[in-house]
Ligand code: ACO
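So this first bit is one chain, no partners, the form predicted on its own, shown in structure tokens.
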């Protein structure tokens, strides 16, 4: 059984309530129907019930009737959610009038449903930008204790099984933080370690990447990675983490022996933490396109409850997989409490 099938099986055993704010988007509603058919999750669709019913009939979706459908314009908890938003944001200038308007925005409503304890996670982004998905989540759900930055990790399934964990690697941050500071980079490493353990089911060996290995180059960019490595080790001394490492030193044993002898990570890393978003985003896409790797994500890390952002070019299968992953993230969050 591969990792995705394991995640689906785990989700079925401990069903979570996942809200899909883009309930009238074609790929989303098709994925929802299949998830309900397979009993992977309890699905909450946000959208006009008449429109959802019409789309279900148009696409021949027979399981949508099992979903909880919430009309953002009119539902029993609308006033309660608007009051919750006002209470959460009044110190930031929120008024009851603004809250009454924003509560009809499906992305704000999705986050409020989670904050109120009526859902366990959210998937959106098939029809919205990353900024639009993250803004209400950060304002309402917020981050985990001790974490101030949200980051995005990809599960990378390589054709060459000699790399990573039998071909599986995690890359971060490839989606959110443009130029993290050293403390933020340390948090990204810690968050990705948790994702490796709780979602990928592997013990992380984390390489803090740079264009330098163990002082082979110098400068502000290298110093940031060195400091981030120190901070991450200080925060989580049990982690196998090393840096700064060049990518080849991180995964090729013969290179590691020359450049970083004695390292517990070099030559066998299964987690790459990139120094900035530019490098991370380019890196995962090159591995995906040139190396024929499968990239699943981004899995947003650091949130108090899971909210995941889809690519607007995603497929029905992508949404299905991300919901299964979101369920597992929700289970992990509950297990921490």
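Residue numbers count along the first chain shown, from 1. This is a predicted model, so every value here is computed, not measured.
Another form, the form predicted in complex with acetyl coenzyme *A (ACO), is not on view; read the next lines as being about it.
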Q: Kindly indicate whether 131, 142 and 298 are, all three, within 4.5 angstroms of acetyl coenzyme *A (ACO) in the predicted bound form, using heavy atoms.
A: yes
Q.
Please tell me which of 156, 175, 241, 114 lies within 4.5 Å of acetyl coenzyme *A (ACO) in the predicted bound form, judged by heavy atoms.
A. 175
**Q.** Candidate from 257, 74, 166, 148 lying within 4.5 Å of acetyl coenzyme *A (ACO) in the predicted bound form - any heavy atom
**A.** 148
Q | Candidate stretches 79-87, 191-199, 243-251, 167-175, one within 4.5 Å of acetyl coenzyme *A (ACO) in the predicted bound form by heavy atom | A | 167-175
Q | Residue contact check: residue 48 to acetyl coenzyme *A (ACO) in the predicted bound form, 4.5 Å heavy atom | A | no
Q | Contact flag, residue 284 vs acetyl coenzyme *A (ACO) in the predicted bound form, heavy atom cut 4.5 Å | A | yes
**Q.** 4.5 Å heavy atom contact, residue 91 to acetyl coenzyme *A (ACO) in the predicted bound form
**A.** no
Q. Does residue 67 reach acetyl coenzyme *A (ACO) in the predicted bound form if we count a contact as any heavy atom within 4.5 Å?
A. no
